[in-house]
Each structure stands twice: as structure tokens, then as C-alpha cells.
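What follows is one chain in C-alpha cells, specifically the form predicted alone.
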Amino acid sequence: MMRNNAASISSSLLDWARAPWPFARIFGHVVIALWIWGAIALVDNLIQSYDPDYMARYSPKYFWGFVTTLKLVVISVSIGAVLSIPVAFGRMSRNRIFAGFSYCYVYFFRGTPLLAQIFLVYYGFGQFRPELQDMGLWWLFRDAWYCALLTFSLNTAAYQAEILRGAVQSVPRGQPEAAQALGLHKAVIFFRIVLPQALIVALRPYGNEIILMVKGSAIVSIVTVFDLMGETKRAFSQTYDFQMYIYAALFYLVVVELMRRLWDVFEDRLTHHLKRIPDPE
């Protein structure tokens, strides 16, 4: 009797858990309605406040600010990709000194905010101006653009090193061992067998890292680099129109969405041969 009661109670609880919950559905519809209402209100506000003279005056500045952002991201990601190779090998090395240095490098740049890093480079190294002048490096640290480029390159190198390390370690160990048994050189094994498979695994994380760099590049405006956000701040200081930041946010949204779709096409082209071929009927 007790077992039958327990079974019936358990069955009732399962039926209650599986049944649709009206409150959850209502709450979800309310949230969606609020989002739609906010989007409509935002678009309506932008349409009503549209000023052709304003757009003609500030659109070129937005464009050149975006060009500055794009240059910063492309160059820093490229330099970071080169720097990430020895760091990734250091993380996988059996040499304790090399592995320890690589670990500390990755730990610092992944564990501290990018904003703090750019402050340390731009303002921190400025405290050593006489020493940097003696070494002939003051030209690098006196310019906000080069400081931002150096900081972004070092930061993304740490993340790309972990992406590369994880991708290389995802390749089955049996493949390089079989290649060694055939007498192939280690360099040939790595560049012809391991690296192509690792890069396919790392495609999606690399795309995410590039998108994060685009969005994170907005902080360089704090150190007087006139990127997209820097031009937005300068335009706001002249007009005191908060819609400047709305336009900047929409610009970032469009750019990130375009980059995401282009990266999807690029990834699809490179991994097209890995898709399963349907069986003929």
C-alpha cells in the first residue's frame, strides 16, 4: 500500500514537472514583448532625431575611427599569432624554466584586466623615461598608439597560445607516433600532420578571439587613441548628444555580425571535406 502511494506521488510529481508552466510562458512572452517594444522605441527615436547635417559631419570621423580600430586589431592579432607559437610550445615543454616562464606569461595576461595592462604599459613605463631614452625605446612608449598595439599583442598572444596548445593536444597521439615509426622528421610530422588538424579545431576559438579583440579595442580611447570609440567620445564632447553612443553601439554590432558571418563562411570552406556525405538511397 505504501509502495503504491509512493509510486503515485512520484508519478504525480513527474507529470507536474513535465507539464507546461503557464507563469513561465507568460513571463517569457512579457520579456520578448519588452525587447520588441524597446527596439521599436529606439528605432523610432533614431528616425525622428535623424539630422543629415549631423551625419554628414560625423560619418567620416566614425569611418576613420573604425579604420583605426581595424588596423589595431589586425596588426595585434597577427603579432600575437607569431608570439603565441613559442609560448604554446613552452606550455607543452618538459623544460621547467621554459614551461614556467610561459605559464607565468599566460597566467598574468589572462588573469588581469586588459584595461589594467594598457595602463601599466602607457603610464607605468612612462615613469622610466630616462632609462628608456638611454636604450632608444622611448619612441615606442611615448606614443599611445604603439602602447596600445604592444598591450593588445601581448594580451592576445596569451589567449592564442592556450588555443593553439589545446588544439595541438587534441590531436590523437597515435598519429605522430605512427609517423615517427615511419621515420618522418619531427618538423614534417608537426607541420604536415599535427598542425593542419589542430588549426581546424582552433578555427572557432580563433574567431571568437578576434571578435573579442574588436569589442575590447574600445578601451584604447582612454589613452587618447582615436579609434571608433575615441571618435564617439570626441563627438559627444562637442554635441552632448547621447545618441552618439547608440550609433557607435550599432556600428560595433553590425561589424561583429559581419565578421561572425564571414568567419562562418571561412570555416565552412575549410571544413567542407569533413562533413558527412549522405548515404545514397
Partner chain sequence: MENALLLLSYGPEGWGDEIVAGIQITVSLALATLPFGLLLGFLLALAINSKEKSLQISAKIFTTIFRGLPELLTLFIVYFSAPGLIRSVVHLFSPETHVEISSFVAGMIALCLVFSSYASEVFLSAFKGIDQGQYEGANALGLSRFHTMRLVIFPQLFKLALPGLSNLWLILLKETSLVSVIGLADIMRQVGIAAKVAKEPFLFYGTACLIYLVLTIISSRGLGWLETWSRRGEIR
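Positions refer to the first chain, counted from 1. Between two forms, the rigid core is the largest collection of C-alphas that superpose within 1.5 Å. Quick caveat: nothing in here was measured; it's all calculated off a predicted structure.
Not pictured, yet referred to below: the form predicted in complex with its partner chain.
Checked against its partner chain in the predicted complex, the residues Arg192, Arg110, Arg96, His185 give one hit for a heavy atom within 4.5 Å, which is Arg110.
For the options Gly124, Pro176, Pro86, Gly207, the one in contact with its partner chain in the predicted complex, meaning a heavy atom within 4.5 Å, is Gly124. Among residues of the shown chain, Ile219 is one whose heavy atoms approach its partner chain to within 4.5 Å in the predicted complex. Put simply, Met229 is close to its partner chain in the predicted complex: some heavy atom of it is within 4.5 Å. A residue is said to contact a partner when one of its heavy atoms sits within 4.5 Å of a partner heavy atom; Val31 meets this definition for its partner chain in the predicted complex. Put simply, Asp268 is far from its partner chain in the predicted complex: not one heavy atom of it is within 4.5 Å.
Contact with its partner chain in the predicted complex, defined as a heavy atom within 4.5 Å, is made by all three of Lys233, Phe242 and Ala249. The stretch from 166-174, 146-154, 114-122, 87-95 that comes within 4.5 Å of its partner chain in the predicted complex, counting heavy atoms only, is 114-122.
Heavy atoms closer than or equal to 4.5 Å to its partner chain in the predicted complex belong, across 127-159, to the residues Gln127, Phe128, Tyr159, ordered by sequence position. Once both forms are fitted on their core, a CA shift of 2 Å or more is seen for Ile36 between the shown form and the other one.
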